[in-house]
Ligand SMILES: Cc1cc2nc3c(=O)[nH]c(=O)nc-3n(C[C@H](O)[C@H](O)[C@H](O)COP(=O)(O)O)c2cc1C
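Next up: just one chain, as structure tokens, the form predicted alone.
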């Protein structure tokens, strides 16, 4: 059995808590993909005493524990204190404190998310081809306003809606603003349910702070939730983001993550009061 704890270090004033947590989720998603590719069991753990682990590891205010990934069979054992304090080694030769990030981290440590039985995603990828998708995964820099097929879209959406292998429960809604999918009416969808017909590519670009790439693709996804625990929900959104990247790459479709958007206007556009956690776009 092996266990990997994820930590984050924020050293730039312009990095937000949102980006840092999404990045942590992407790392977890990469671990989950590798576990599937090599047929290893995996459990993602978000609810544990992070403050105590931070203290034991000597992180101070420079790095913090976010989550853990466990592969293999777990064996309950009594907890033992370290015999000696762990020395902290900074990843760079400088550190710029960010009070906003520090306060945000502390404020989002609790409460614990609701519990659910552990369920693993059920994928049917060719593992050799899936490994190639892992190696080839990149962020698109632009789209050519070309449609993707309905089969590609449905396969990607199916992968995105599989459960996350964790006992923490955060219900994340998947909204899709469809622009160019052959055989599917443009409009706003929640999962497979069509909420509103219409051509909203320009609106999607505007909502993502006037980034053309959000409207030039085939579909713009928004992930939303009423988080019980903000840290957990944001990292789960990052896991789903990484999953979307890999599923898109597997089926020959490009993907890009978008962390900047107008929160309240996006909520109004989608007709939801849920927090908007992440935006992503796919296309050709």
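Numbering follows the first chain given and starts at 1. In this text, all values refer to a predicted model and were calculated from it rather than measured experimentally.
The same protein has a further form, the form predicted in complex with the ligand, not shown here; the description that follows concerns it.
Examine residue 275 and determine whether its closest non-hydrogen atom to the ligand in the model of the complex is within 4.5 angstroms.
Judged by the heavy-atom cut-off of 4.5 Å, residue 275 is well away from the ligand in the model of the complex.
Within a 4.5 Å heavy atom cut-off, is residue 141 in contact with the ligand in the model of the complex?
Residue 141: yes, in contact with the ligand in the model of the complex.
Residue 98 near the ligand in the model of the complex, any heavy atom under 4.5 Å?
Result no; residue 98 lies far from the ligand in the model of the complex.
Quick one: does residue 19 come within 4.5 Å of the ligand in the model of the complex, counting heavy atoms only?
Taking the distances in the model of the complex, the answer for residue 19 is yes, it comes within 4.5 Å of the ligand.
Among 83-91, 196-204, 151-159, 132-140, which stretch sits within 4.5 Å of the ligand in the model of the complex, heavy atoms only?
Selected stretch: 132-140.
Residue among 46, 64, 245, 221 with a heavy atom within 4.5 Å of the ligand in the model of the complex
Selected option: 245.
Selected contact from 70, 57, 37, 258, since only one has a non-hydrogen atom within 4.5 angstroms of the ligand in the model of the complex
Looking at the other structure, the residue within range turns out to be 258.
When the ligand is placed as it is in the model of the complex, are 190, 192 and 284 each within 4.5 Å of it, taking any non-hydrogen atom of the residue?
Spot residues vs the ligand: no contact at all.
Scan 20-44 and write down, in order along the chain, each residue with a heavy atom lying within 4.5 Å of the ligand in the model of the complex.
22, 23, 26 sit within 4.5 Å of the partner.
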